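Okay, here we've got a single chain as structure tokens, the form predicted on its own, with questions on binding and movement later.
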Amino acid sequence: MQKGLLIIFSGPSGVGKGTIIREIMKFPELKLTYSISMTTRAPREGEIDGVNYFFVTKESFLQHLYNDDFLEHACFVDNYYATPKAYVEKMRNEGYNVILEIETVGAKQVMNVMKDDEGCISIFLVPPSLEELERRIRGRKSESEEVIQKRIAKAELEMQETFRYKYVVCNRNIKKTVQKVYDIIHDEMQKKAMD
């Protein structure tokens, strides 16, 4: 059985990452699975350990960190989050292509850890323009002006990181973007099969 790919998927908030991933997961031939993160935060209603997250205590998390068990880790609002190496490797060894939807800071950590791994690819999703991104964020009608401005400023910084990624895809049209991402993953699977 061919070992699966690790697919790093990044892009600014509002660019459509969730939508593209949901659509791309519908193709069984791509054998995609989502990476499950470990966190110290409490489960929300309906969340299941080992499905939504691996929920652990802070002590357990810090022990894993000390043991170098993570591809990347970060702290948000007093809770830790990380991508466990063992889970990602287990899924890849079972032939799954693992999608890791992650911010640029975490992506940089993963790329450093995985630099010698030929099965690691990175895709950065960009909007047609910052104006279009702002329009999409405002269209959600779910955030204050202050939060919108922070998201735009963060997007500008994140877009300066695109040079680190193997592929940069512009999300102008959902159907065409899904096709482009499909083609990238399919081509990478074919290349890996020929190795």
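A residue's number is simply how far along the shown sequence it sits, counting from 1. Remember, predicted model here, so these are calculated numbers, not experimental data.
Another form exists, predicted in complex with a small molecule; not displayed. Remarks below refer to it.
Look at 159 to 167, 38 to 46, 24 to 32, 128 to 136: in the model of the complex, residues with non-hydrogen atoms within 4.5 angstroms of the small molecule sit in 38 to 46. The closest heavy atom approach of residue 91 to the small molecule in the model of the complex falls outside 4.5 Å. Not displayed here, the small molecule is approached by residue 53 to within 4.5 Å at the level of heavy atoms in the model of the complex. The closest heavy atom approach of residue 123 to the small molecule in the model of the complex falls outside 4.5 Å. The small molecule in the model of the complex comes within 4.5 Å of a heavy atom belonging to residue 17.
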